[in-house]
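Consider the single chain below, provided in structure tokens and representing the form predicted on its own.
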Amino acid sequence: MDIYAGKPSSEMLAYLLKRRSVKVEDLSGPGPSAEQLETILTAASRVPDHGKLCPYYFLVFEGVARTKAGEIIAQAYVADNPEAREDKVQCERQRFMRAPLVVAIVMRARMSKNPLWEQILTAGAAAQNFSLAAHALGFGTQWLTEWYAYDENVRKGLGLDAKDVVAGFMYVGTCENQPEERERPDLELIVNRWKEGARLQKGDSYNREKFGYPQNGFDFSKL
């Protein structure tokens, strides 16, 4: 088996420089075949992983599973919003019907001497590799969390427990419309060539001043 490390690829570089998520409303069928999905998942699992812990797993929603998951989401929504209009409940029920394939990438904390933060990063890398592999096979993807990723009733209904955190729901399908480019980070605000005593450019201008700093929905100290 060939291993690709330190080998130049202008095609890969061009691909990475043009990578773009596709809005879920612009995804339709067909989705990946079983063979293509296995390829995507194989690529997603080939990520940096300190200690070889595999601190993540995949939940695949396709076919009728999307409908059943949608019922769990709708029931959780009604529990939190008992006065909600039926059209809004139906919108929540259709969450997983917006693309032919939805895959949850779930970060699962492992017992290890390695820091939990590094395990979280590995799960995020798996999600990014998933997206890149799907795009390389000709599909569009959008990496979403949305409210139901953090709702305890939804989490319980999907079989998650206290050690599980949804890194993302990956929506995958065929692109109906090519996305437009969006603004990207300004390297002058975040790139530093370190020297002692230099003031670092930390990108603080990207703060959204009207918000405070986000709080974790989970107490990682208990994991």
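Numbers for residues come from their place in the sequence shown, where the first is 1. Values in this document were obtained by computation on a predicted structure and should not be read as measured data.
Quick note: we don't show the form predicted together with a small molecule, though the next part is all about it.
K.L.:
Looking at Glu152, Glu71, Glu146, Asp80, which has any heavy atom no more than 4.5 Å from the small molecule in the predicted bound form?
P.N.:
By the 4.5 Å criterion, the partner-contacting residue is Glu146.
K.L.:
Using the partner position in the predicted bound form, report whether Ala167 sits within 4.5 Å of the small molecule, counting heavy atoms only.
P.N.:
Taking the distances in the predicted bound form, the answer for Ala167 is yes, it comes within 4.5 Å of the small molecule.
K.L.:
With the cut-off set at 4.5 Å between non-hydrogen atoms, does Ser9 touch the small molecule in the predicted bound form?
P.N.:
Result no; Ser9 lies far from the small molecule in the predicted bound form.
K.L.:
Lys202 near the small molecule in the predicted bound form, any heavy atom under 4.5 Å?
P.N.:
No, Lys202 sits far enough from the small molecule in the predicted bound form that none of its heavy atoms falls within 4.5 Å.
K.L.:
I'd like to know if Gln142 sits close to the small molecule in the predicted bound form, meaning any non-hydrogen atom pair within 4.5 angstroms.
P.N.:
The answer is yes: Gln142 has a heavy atom within 4.5 Å of the small molecule.
K.L.:
So if I measure heavy atom distances to the small molecule in the predicted bound form, which of the stretches 153-161, 63-71, 43-51, 180-188 falls within 4.5 Å?
P.N.:
Looking at the partner contacts, the answer comes out as 180-188.
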